[in-house]
Structures are given as C-alpha cells and as structure tokens.
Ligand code: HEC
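One chain comes next, on its own, written out as structure tokens in the form predicted alone.
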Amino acid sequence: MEKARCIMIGLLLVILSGTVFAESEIPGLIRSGQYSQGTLGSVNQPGQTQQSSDGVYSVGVYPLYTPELAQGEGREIIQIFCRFCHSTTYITMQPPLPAAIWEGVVNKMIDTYGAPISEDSARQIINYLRTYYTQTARKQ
C-alpha cells in the first residue's frame, strides 16, 4: 500500500512538473524567429536595439531564399559540387576574399572535408570564385 502511494505521488509530481516546465520560457529568448519571404538581393536591416547585459535577446525574421550565384562560366560546377555538403549561401555570404584565399578554401573542402571534386572541376571552381567573388570583382 505504501509503495503504491509513493508511486502515485511520484507520477503526480512528474505530471505537474511537466506542465510547469512546458509553460516556462527558454532562458534568454524573448520570441522565436519567423521565416518569411523576402526580396532577392536585398536584406532588410533591423532597427538599432538596446543591448542588455543579462543575455536576453530577440531573434528577427529569417529569409527563405538563397541568394543567386553570379552568372558565369563555372556556376553549374559550383551548384553541382558545393551543394553536396552545404548551401551556396556559404559563397554569397562571404566578404570579398582574395583569389589565393578562395583557392585555399576549395583545397580545404577537398583535403580536409573529403569533397569528391576532381582536379579539373576544382580548377573551374577556383576560377569562378576568383572571377566573381574577390575584391576587384565586387567593385564592378
């Protein structure tokens, strides 16, 4: 009898604690992010917010689209090989990088992460990135 009573009290506590935790907010999160359609090629900047020292933050709206890669020779190769492992947003979100850095990034994807890219395809990818995603290309 005593054992059954302890089990019942334990179950009651588990049920009550579940509802308490279910209603509590995640620490530091004011509201969850919202996904919405956006205009390609433009990023809406949020208004300036007051930073707090207590770690509480707010998540804004996330775009649902991946920015287009620049049109040009090698674009198809990028879309074939790079999208095996990640979105092409990884390319478009980078700051304009020097040509040598792009070569290092492609080699890292092959050597470190094991991307299955042939030498010829790697050369085409590097040439594309050097042509469209360096400081001089972005100034045009």
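Throughout, we count residues from 1 along the sequence that is shown. Nothing here was measured: the structure is a model prediction, and the numbers come from that model.
The form predicted together with heme C (HEC) exists for this protein as well; it is not shown, and the discussion that follows is about that form.
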Contact with heme C (HEC) in the predicted complex for residue 115, defined as at least one heavy atom pair within 4.5 Å: yes or no? yes
Does any heavy atom of residue 105 come within 4.5 Å of a heavy atom of heme C (HEC) in the predicted complex? yes
Can any non-hydrogen atom of residue 84 be found within 4.5 angstroms of heme C (HEC) in the predicted complex?
-> yes
When heme C (HEC) is considered in the predicted complex, the residues of 86-103 having a heavy atom within 4.5 Å of it are 86, 90, 91, 94, 102
